[in-house]
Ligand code: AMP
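Only one chain is included here, represented as structure tokens and corresponding to the form predicted on its own.
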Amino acid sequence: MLLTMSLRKSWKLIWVGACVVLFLIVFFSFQGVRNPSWRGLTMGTSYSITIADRPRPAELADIKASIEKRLAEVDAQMSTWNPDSEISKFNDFKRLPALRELEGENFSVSPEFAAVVRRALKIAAATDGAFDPTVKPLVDHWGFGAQADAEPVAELMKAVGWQKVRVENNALLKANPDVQLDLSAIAKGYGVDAVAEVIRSSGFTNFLVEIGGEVVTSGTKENDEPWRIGIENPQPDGEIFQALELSGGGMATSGDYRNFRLREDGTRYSHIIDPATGMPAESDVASVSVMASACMDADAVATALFVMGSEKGFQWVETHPEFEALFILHSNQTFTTRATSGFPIEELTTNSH
């Protein structure tokens, strides 16, 4: 009798414990994860994501998987370092426009890739070629690409020029068989926009996405605080040169201080190529940060403004109100700043080299 009662008591305790465990599992599965933030690698750089909403664990796992898939798609479309990417296959495509009557003369691409090239060509036209997606031979020549190219610059320039590429529906057409695309000055921004769209489509509106320094924010952080973004110091000390509040839209920065090479005499040259000369851009700009509704636009325009230099670049932004910009300028032994009226910085900074 005592044994039976003891067994019943034990089973009751086990049943109660199981119910508690089940309750906790169900309870926590419906609780949102507070401020999930994570990092990863993509496009030869790093990315970071923070969601200020509270996704449930299952939702968060789905978002992460969808983001990884989307980033892999962008890389497979636009990486010049991947020989099997769409852009690499297009760059190897050699047929001429004179052969249009032949089936397959136009090079078919995915709708997303066609849209990015179409946008790149539109920005190239708007900046009078200061941004040009056909500079790949020059990028390779100066040692910043996936392949070495020892051809003289003058020879390579024959295949450079944004007018030498057309987009027809979901196909690309070359006016010169040697034309090659390099979308690195717009692809990261596009990747940021693509990730932001994945998060939005999952029902979340408060987040920050960053890839290699290019940023999109939406909504606010917890407690309705705006997102704060740091603009890097052109000096290689890792400090923040300027901070600003950004709640909505994208921002991208181009500069001469991250990716450069040294000449034999010890002087350095930037990875940003001036399409007009075929040479690394010589600019009074140390970096320029651009804000726009789409990060891909900000990314491409930042490159164009760097190539233009501060005077011409500032005038260009002033006549294009859909953009705002902050220029950090070389000035003797200091950095000075110049911003358009809508760039959200209250007090600008001057730093020494």
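All values derive from a computational prediction rather than experimental measurement. Quick note: we count residues from 1 along the sequence shown, nothing fancier.
Beyond the structure shown, there is the form predicted in complex with the ligand, which is absent from this document and is the topic of what follows.
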Among 113, 207, 190, 131, which has at least one heavy atom within 4.5 Å of the ligand in the predicted bound form? 131
Sort through 167, 199, 139, 71 and report the residue having a heavy atom within 4.5 Å of the ligand in the predicted bound form. 139
Do all of 118, 194 and 297 end up near the ligand in the predicted bound form, with near meaning a heavy atom within 4.5 Å? no
Per contact check vs the ligand in the predicted bound form (non-hydrogen atom within 4.5 angstroms), the hit among 322-330, 36-44, 53-61, 300-308 is 300-308
Please check if residue 211 has a heavy atom lying within 4.5 Å of any heavy atom of the ligand in the predicted bound form. no
Taking heavy atoms only, is residue 250 within 4.5 angstroms of the ligand in the predicted bound form? no
Within a 4.5 Å heavy atom cut-off, is residue 179 in contact with the ligand in the predicted bound form? no
Just checking whether residue 217 would be counted as a contact of the ligand in the predicted bound form - the rule being heavy atoms within 4.5 angstroms. no
Which residues within 169-207 place at least one heavy atom within 4.5 Å of the ligand in the predicted bound form? 182, 184, 185
